[in-house]
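So this first bit is one chain, no partners, the form predicted on its own, shown in structure tokens.
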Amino acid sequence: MDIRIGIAGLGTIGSGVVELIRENALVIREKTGVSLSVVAIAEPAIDSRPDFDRTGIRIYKDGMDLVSDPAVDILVELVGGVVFPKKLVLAALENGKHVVTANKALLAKEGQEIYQTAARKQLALGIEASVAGGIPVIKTIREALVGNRILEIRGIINGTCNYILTRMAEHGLSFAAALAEAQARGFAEADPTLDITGGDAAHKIAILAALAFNTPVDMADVHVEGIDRIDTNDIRYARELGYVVKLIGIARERGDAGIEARVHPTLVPVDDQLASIRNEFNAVFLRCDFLGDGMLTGKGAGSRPTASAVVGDIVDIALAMRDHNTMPPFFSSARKRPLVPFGRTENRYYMHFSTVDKPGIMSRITGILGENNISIASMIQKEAGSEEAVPVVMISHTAVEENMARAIAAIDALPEVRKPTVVIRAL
């Protein structure tokens, strides 16, 4: 069976998809009996790509031309952004075309309308490439673990941040130097804001939470913090206490209270599986009632890994088309579940205080913590720095987020505290 593909967007991923299909079309046909061919590409900046081999491919400047092209069986949306991709995807579905997208922002913010349209039109929607690049986490959740109740997901789902934190931890680079290196090596965008502020990871954890717990997730309810305020001193102190710092996305089942969905820097024990994930690699840990614990890891971004996920979706849809099957819709019986307010989540905490070296200050700090039901598990105290401020680092036992926020506000109001307290949650 011949499957004809139209691609909107010829950036890094789009180019990778074309390359993969051209290089491995024979491999795919031998494995599946399906022949894939890219018949059309929409790319406004195509004139800047004189090196691109257009043989056998119709070129459009406007992605909407793919929607009306009768030769396109599957539309692959790789444009990026939200407003135009939503218009494009919905138009393609309404026009009877199956869709594959790698657009995490689109799915996190507008996914429900897209899922519902695909279900109403009985068309397939492939979204594997939207989370963790080439790691088949969505397929694992939807298919391999369909008989399990998923209890928790936590993962390193942004390769840019993981690369930066690895370089800071292992080579003592400042955040700015590590970011510049990541940009030079192509692991970070020229404008890295979405990555380093946690927004990219938040889109991904929203998608995973929705799939794992079969509920729509509103991005406004997902708590997001990035790594842009992480300092090498805190990475070093955390290591002395037996932790590494990672940007972690967490989605967790909380029974009748609902679910948690959040992204923030997190202290991970050095013997935890996630602590060993270095540089640009991603990893997703899953805890289930029957499987128990499992983890998927691999390259979470880049042309070839993400193209691999896109083509995997294309082949799944092609096989369903060949066999005249309807692929199962997303959220066929979803019910809206509440997201637990971030202030009601429970964590252990790393706290880095900068205080004057004065008798009684430690008792005042620990007194405030105690008044807010926060107990201390471990502590280290350093020599006074150049400004005569003494760094004091504590790890708490499990506490409620709103109690910690109230305690830190009171501590930072003390005249002996020289800088705002650094607080990082710990697994």
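Heads up: residue numbers just count along the shown sequence, starting at 1. Remember, predicted model here, so these are calculated numbers, not experimental data.
The next section is about a form of this same protein that is not shown, the form predicted together with a small molecule.
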Practice item. With the small molecule left out of view, choose which of Ala188, Val268, Ala283, Leu145 has a non-hydrogen atom within 4.5 angstroms of it in the model of the complex. Key: Ala188
**Study point:** Heavy atom within 4.5 Å of the small molecule in the model of the complex - the one residue of Gly159, Gly226, Gly126, Pro85 that qualifies
**Key:** Gly159
Review point. Heavy atoms within 4.5 Å of the small molecule in the model of the complex: does Asp195 have any?
Key: yes
Exercise for review: Spell out, yes or no, whether the shortest heavy atom distance between Lys104 and the small molecule in the model of the complex is within 4.5 Å.
Suggested key: yes
Check your understanding: Should Gly111 be counted as a contact of the small molecule in the model of the complex, where contact means heavy atoms within 4.5 Å?
Key -> no
Point to revise | Residue contact check: Val311 to the small molecule in the model of the complex, 4.5 Å heavy atom | key: no
Exercise for review: With the small molecule left out here, work out from 311-319, 338-346, 200-208, 216-224 which stretch has heavy atoms within 4.5 Å of it in the model of the complex.
Suggested key: 200-208
